[in-house]
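The data below hold one chain only, encoded as structure tokens and taken in the form predicted alone.
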């Protein structure tokens, strides 16, 4: 019985972990190119959740079809925040850019509070379920996982098969060398920040396909914490590592929850969070660069 439950939860963890990984790719991309830590990460995930909610309730748009709109909105927000705040702080102290991203997150939370109130909301969208015997997988979750994997593949192809992507890789290697080669480094910074925020907003749409309730302006805090654990797992500056780090984190999160639930007197949710951050500390001590190289 326990083995069956554990097997089901591990499979569920892999599927959820793929979306967690996709949610972290934007964080890793921004750090990898700009060396900026986006501590407002969760607020942008929250924006994506509201994009899915609003399009579904107002226009009847299915959540997967809200992904293009979320990408456009996210990239637009990225451009606005980059040129209004981040650009001027890139050469300044690291704390300055960290506080700037924190401020961006707070601004988004308060704007969404004024637009939607602080009341938790949700939506109901069903596609059916796949019964595997030892667990049941909603088709919406499978679709979210497939979308996350597809986005990861498209990002990889963009980096390696397009001139714009290769130019961004050159900037990562050496911004001075890129300038010598005629690359507009400032534009590459703006584009990378914009794409990173766009990916983060899209992940908010996909995450609502797992948890379509509890959407509120302050929902992003827990996702920010998880994103940092996943980013360290996969290598903080590696978007692809972030995806695989998400898979590992999903396995650990769901697997440890199942095991902690068998121990009397323990609260599984609290222990799972404790275990995640204990794991983060161990990884930082043993391998500070993460499990995968930051390339």
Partner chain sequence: MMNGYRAYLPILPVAATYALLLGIGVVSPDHWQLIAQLAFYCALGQAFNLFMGMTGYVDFGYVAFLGIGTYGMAVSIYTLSDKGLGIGVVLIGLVLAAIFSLGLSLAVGAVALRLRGAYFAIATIGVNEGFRYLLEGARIWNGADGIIFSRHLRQGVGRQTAMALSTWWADILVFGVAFLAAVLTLVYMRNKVGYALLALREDEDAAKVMGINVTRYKIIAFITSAILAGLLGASAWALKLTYVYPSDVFAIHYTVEAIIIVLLGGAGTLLGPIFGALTYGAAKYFLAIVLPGFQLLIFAPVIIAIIVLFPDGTVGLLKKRLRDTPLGKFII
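Take the two forms, find the largest set of C-alpha atoms that superpose within 1.5 Å, and that set is the rigid core. Residue numbers count along the first chain shown, from 1. Keep in mind that what you see is a predicted model, and the values were worked out from it rather than measured.
Note that the form predicted in complex with its partner chain isn't included here; everything after this is about it.
The contact residue chosen from 195, 207, 215, 104 relative to its partner chain in the model of the complex is 104, the criterion being a non-hydrogen atom within 4.5 angstroms.
Only one of the listed residues (259, 37, 53, 67) places a non-hydrogen atom within 4.5 angstroms of its partner chain in the model of the complex, and that residue is 37. With its partner chain omitted here, the record of contacts in the model of the complex names 109 to 117 of 134 to 142, 196 to 204, 147 to 155, 109 to 117, defined by a heavy atom within 4.5 Å.
No member of the trio 47, 121 and 248 reaches its partner chain in the model of the complex with any non-hydrogen atom inside 4.5 Å. For the chain shown alone, residue 10 is not a contact residue for its partner chain in the model of the complex, no non-hydrogen atom being within 4.5 angstroms. Interface residue remark: residue 62 is not counted as part of the site for its partner chain in the model of the complex, having no heavy atom within 4.5 Å.
Shown alone here, residue 232 lies within 4.5 Å of its partner chain in the model of the complex, counting heavy atoms only. Contact annotation: residue 228 falls within 4.5 Å of its partner chain in the model of the complex, judged by heavy atom distances. The partner is not shown here, but in the model of the complex the stretch 262 to 287 reaches within 4.5 angstroms of its partner chain through a heavy atom at 265, 266, 267, 270, 271, 273, 274, 277, 280, 281, 284, 285. When the rigid core is held fixed, the Cα atom of residue 271 travels 2 angstroms or more between this form and the one not shown.
Superposition on the rigid core between this form and the one not shown places the CA atom of residue 14 less than 2 Å from its counterpart.
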